[in-house]
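Only one chain comes next, encoded as structure tokens, the form predicted on its own.
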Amino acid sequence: MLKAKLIAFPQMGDYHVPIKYLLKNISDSIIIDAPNITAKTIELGNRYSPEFVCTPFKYTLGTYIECLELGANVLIQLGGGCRYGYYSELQEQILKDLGYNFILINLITAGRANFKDIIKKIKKIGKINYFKALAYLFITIKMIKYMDKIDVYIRENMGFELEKNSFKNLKEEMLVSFSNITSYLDLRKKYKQYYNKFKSLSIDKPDDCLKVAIIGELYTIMEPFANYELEAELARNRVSITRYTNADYLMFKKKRAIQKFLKLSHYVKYRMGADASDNVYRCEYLCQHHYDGIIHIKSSFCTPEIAIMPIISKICGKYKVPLLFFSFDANTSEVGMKTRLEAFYDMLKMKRNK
């Protein structure tokens, strides 16, 4: 075992805030903040990854390398519900072949979490008071739920703000405040305060605003850098955004929801891996509820999402709802993405005017 524990983990959206809060309070280890994903991160991931592996693998591998260069010697991975759930062993071997000395702790394997196995793995971090850990785990779960609730309101309304960046600035303030809470009661109090602050921000939102939903692969949806800030681009065009995939759904609601979706869907009756089956049902639901457009995004080589593309195309064709596909990898052009998005927005306005 390594002596001084310096822990690092890949970022995905704003979820590093609750994860860091948990690790900071249950162990005496040092938490290293992963650098923001940049072109350098992607270049490192591409250089050492197999060519046809999915983009999240490359992004997280590049982040691991940057963290190890900063001194990290314990890496934490949360796995995934698709083939990414099997990637930890491959990433670990690549990094060790590069000469790094570290421990990799994969808390979720193949999309499944075993509590006893998690406890056994957490022991590698150092001495932990498990009663204390359970209390902070409860607070962390609540923090994630509160963050996701507020994010729903932000997506629906940030495109109509009267003061530029008012939603963005208030959210950054909220995340700093959440990272310094002292108890669950403190967290709940701050959640209510910030929820009211967001609702008090001045907006000019028409009743008949354009509504666009984003569906697709979970990592590309939840990590803004991976989709070139797609939601912010939509907001600039005064669009109300709906996105169902978040940490709260994936960890606490998905298992029950997917059973319901498979019963209600007219197009898929079995699980296709990751969020593919969910997205087929949601596409049908969104069309039936008169959304102006749907955007499907994924990382390159994401097999489950590739499989459903013909299905959701058929659904949107039936209901005459415009559909836009984006596939992101290291070579995706940000300019090209914005150009296609502008054309999509113009098409939505023309359709609405008719």
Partner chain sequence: MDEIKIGIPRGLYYYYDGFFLTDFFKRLGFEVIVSIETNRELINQGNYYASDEMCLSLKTYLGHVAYLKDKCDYLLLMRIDNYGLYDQMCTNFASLYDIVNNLFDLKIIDINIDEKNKQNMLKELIKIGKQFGFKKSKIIETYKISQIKSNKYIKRLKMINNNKLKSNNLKILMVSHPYNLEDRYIGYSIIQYLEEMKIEIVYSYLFDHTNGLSKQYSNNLYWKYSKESIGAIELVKDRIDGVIFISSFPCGPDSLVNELVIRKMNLPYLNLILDDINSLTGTITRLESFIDILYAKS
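Residue numbers count along the first chain shown, from 1. Since the structure is predicted, the reported quantities are computational estimates derived from the model, not experimental observations.
In what follows, reference is made to the form predicted together with its partner chain, a form of this protein that is not presented.
Contact annotation for the candidate site: Gln93, Thr303 and Ala307 all lie close to its partner chain in the model of the complex (heavy atom within 4.5 Å).
Although the partner is absent here, Tyr153 sits far enough away that none of its heavy atoms falls within 4.5 Å of its partner chain in the model of the complex.
Contact annotation for Asp97: at least one heavy atom lies within 4.5 Å of its partner chain in the model of the complex. By the criterion of a heavy atom within 4.5 Å, Phe57 is counted among the residues contacting its partner chain in the model of the complex. Using a 4.5 angstroms threshold between heavy atoms, Gly273 counts as touching its partner chain in the model of the complex. Figure note: of the listed segments 47-55, 65-73, 282-290, 30-38, the one touching its partner chain in the model of the complex, with heavy atoms no more than 4.5 Å away, is 47-55. Though its partner chain is absent from this view, in the model of the complex it lies within 4.5 Å of a heavy atom of just one residue from Asp204, Asp208, Glu173, Glu89, which is Glu89. A heavy atom within 4.5 Å of its partner chain in the model of the complex is found for exactly one of Thr140, Asn106, Asn157, Asn246: Asn106. In this stretch, 187-220, not one residue has a heavy atom within 4.5 Å of its partner chain in the model of the complex; the partner itself is omitted from this view.
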